[in-house]
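Provided below as structure tokens are two forms of one protein chain, presented individually as structure 1 and structure 2.
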Structure 1
């Protein structure tokens, strides 16, 4: 048996004051260096003209002014809103899947795991799968469309459909995520309340609406948070499936930013940072709402 060394007098007397900071410091330091400080730096850089290597030049709001004149920015913004709106469908779909699977039959655990599968897979792989799925000539989806309508559509090459096509690919894992949240929620329902409601003759839709959904509120909240964040963060799928194309029609802010800052279009760090700041501000609106609610919950504990 080993003894931890006896703390020295000073440490022992003051450990209640010092210990919190000792425990907290390493993680907080890392988090500050890589997350908190870069946020501030990004905002700073967004007021500069910078190629990433040379000196920075202060240009004030010029990046933002340019952004307001950039057509791609509006396309990206519009697409982000589309993502946001359609991505939320993952919540009811996830709920439906959870309700469908919340039974106690043989093998159901395996079914639940398999339904959850898409979430575990990298978005790169999801993107490739759906690219293949949509591919003209030999893609399953195109074949089905052809069989149904007689004419072929190249989803990812068509400005009208491309964003929807990518969003559907995104909904696949996101629905799985919401499903698992709801399955856990359903697992923890207060069965006495449900039985009481059944005695009061509530069933089906009414039971779901008035008794079950209120009890699932925490799951809905988390599903909301992860879905909104996921929609605004959408990068991988756009990058893999279309790289923003065709002709920039599937741009989203996150990819637009990356493209401006780091790709063959030139290393425009300041401009990229300005786009990131706009995205950040949009996200902050949601983050603030979520945090206000979380803190309220924390207080009610």
Structure 2
């Protein structure tokens, strides 16, 4: 006598449908707790007058109105845009370094470790190194300028050059990071496509532009997003090298936010949150443009 098979349980019947959500849930929970909720809280605080400890007072758009009348805000915004424009140079420089290092020659591992070194050291160390590099009395850069021109230039004390000096310091580790992304991409290239292109007499720039760079598009996208975020949140180097000086000429939005909300100048959490919201919106504009462009390119393939 045969027994009817017992009906499968809910989990077994829906295992393939439920499993993705089970794996997705922990990451979504952590993302919500540490990213989404703080963003919403920052936006809410930006409409308040709050010292971080006492009661909050609703003031509406007053923080944003004050921000638009603050000259320091425009200096910081201009410097951030300058950071953004020059920081993107890390992407082609990282690509050039990756193409140079992607060779099977003697000693290439030593060269790779030398190029990789800036990425593993702290931004604080980078800031201190370049502060000494630019030092008027004993810095190597100042001594070179003195040898070439006969006069010393105090890069970090000159309003005309200070932001450029800090950006150069930031480009050093950022170029190394982009190089690592491109080296990973170069190791995963489709060799059959490259061989087919060479058989069609594709060499040099043509091979790079039409065969290699399209395959490196994911690495380029990640490099762009990370570089844009790094340029807009450029806090560490400014804090270590100049603390926003001289006379506030090297201010950026992230350091301006810290100065208003957490430094000895005053615990204006609402005003600092308003600066953070503006910085977040600028960042989202650029990242959204990159994502839309990437989706459009994928659809056109």
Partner chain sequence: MFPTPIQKASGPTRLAYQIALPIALVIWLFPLIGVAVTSLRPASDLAAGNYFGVPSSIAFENYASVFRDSPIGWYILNSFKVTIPTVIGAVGLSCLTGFALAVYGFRANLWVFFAFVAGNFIPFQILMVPVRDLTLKAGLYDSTLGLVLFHVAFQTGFCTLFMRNFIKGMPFALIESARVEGVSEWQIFRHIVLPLMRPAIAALSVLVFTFVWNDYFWATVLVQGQHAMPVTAGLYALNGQWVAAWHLVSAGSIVAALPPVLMFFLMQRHFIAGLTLGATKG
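Positions refer to the first chain, counted from 1. What you see is a predicted model; the values in this text were computed from it and never measured. Whichever C-alpha set is largest while still superposing within 1.5 Å between the two forms counts as the rigid core.
Each structure shows the same chain on its own, and structure 1 is the form predicted in complex with its partner chain. Once the cores line up, the CA of residue 247 ends up less than 2 angstroms apart between structures 1 and 2.
With the core held fixed, the Cα of residue 65 is displaced between structures 1 and 2 by less than 2 Å. Core-based alignment between structures 1 and 2 gives a C-alpha movement of 5.7 Å at residue 28.
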